[in-house]
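Form predicted on its own, single chain, as structure tokens, below.
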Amino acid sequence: MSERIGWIGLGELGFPMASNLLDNGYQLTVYNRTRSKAEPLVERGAQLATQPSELAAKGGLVVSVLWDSDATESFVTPEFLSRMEGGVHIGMCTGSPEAAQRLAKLHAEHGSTYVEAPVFGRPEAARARQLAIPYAGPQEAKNRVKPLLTALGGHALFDMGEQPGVPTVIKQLGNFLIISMGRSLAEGLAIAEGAGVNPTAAVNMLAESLFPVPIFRNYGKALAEKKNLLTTSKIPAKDLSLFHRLAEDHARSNPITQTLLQLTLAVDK
């Protein structure tokens, strides 16, 4: 691949995705606040940027995989936008639909394009190139970035149209359902085990019959091995807070979300 990609964000998900691009022959210029996280990619040929604006180039591509909308919006400065003219920024954070709309508008006003593409999948799914990605933006830009989304680990890509904010709402909904099922599975397995049932046997049976889905296979296996992925991460509280805010913004009842959020915050304390 002759085109160089700008990449910001090398956390647990961003790093394997960027690594996949190198594996697929893409050239990368990377930036991360903690420089040491970028060094393994630099050793493989990636260039290191000293500030986010260096990732942008006229007509180029930039991918951001950051914690939330605030982190994404913070680096989209006037300098970044001026250097990005004619280019495409692919934003892959789990944030708010309002921020996605602001970013799309801001890029358009400066002659570039924002493609919103949040990611479903844990780090191991990224390494296995089994990510699910809903994405939205102008059609020409989506056509351009689709091969890149596949190369970075997207196994299932879902074109959600051109309206900014839609993929983010779907991401929030998906995360709400994952957390809901994960919590229910943890509680149910604990009760079953207390009644003398082998949790691994229960998970295997359920995952191969009634619930043949990744949440039961992956989270169920972890829970049976006494690894609760949902209570050892800050992500559930963040995601439930976003979904609760979305419900409040649109005057929708959300008692399950509120209960899950209270449980999650209680564990975090």
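Rigid core here is just the name for the largest C-alpha set that superposes within 1.5 Å across the two forms. We number the residues from 1 along the sequence you see. In this text the structure is predicted, and so the values were computed from the model without any measurement.
Note that the form predicted in complex with a further copy of the same chain isn't included here; everything after this is about it.
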**Request:** Evaluate Arg183 for contact with a further copy of the same chain in the model of the complex, applying a 4.5 angstroms cut-off between non-hydrogen atoms, and reply yes or no.
**Result:** yes
**Request:** Mark Met160 yes when one of its heavy atoms lies within 4.5 Å of a heavy atom of a further copy of the same chain in the model of the complex, and no otherwise.
**Result:** yes
**Message:** Can you tell me whether Glu208 touches a further copy of the same chain? I mean in the model of the complex, with a 4.5 angstroms heavy atom cut-off.
**Reply:** yes
**Message:** Given that a further copy of the same chain is not shown alongside this chain, does Phe75 nevertheless sit within 4.5 Å of it in the model of the complex, heavy atom to heavy atom?
**Reply:** no
**Fill in**
Within 4.5 Å of a further copy of the same chain in the model of the complex, heavy atom basis, the matching stretch of 31-39, 50-58, 64-72, 210-218 is 210-218
**Message:** Please tell me whether the candidate spot formed by Leu189, Gly196 and Leu260 is one where all three residues come within 4.5 Å of a further copy of the same chain in the model of the complex (heavy atoms).
**Reply:** yes
**Item:** The unique member of Gly153, Gly95, Gly87, Pro134 whose heavy atoms fall within 4.5 Å of a further copy of the same chain in the model of the complex
**Value:** Pro134
**Sequence-ordered residues of 159-177 touching a further copy of the same chain in the model of the complex, heavy atom within 4.5 Å** = Met160, Gln163, Val166, Val169, Ile170, Leu173, Gly174, Phe176, Leu177
**Item:** Rigid core fit then Ala190 CA moved by 2 Å or more between this form and the one not shown
**Value:** yes
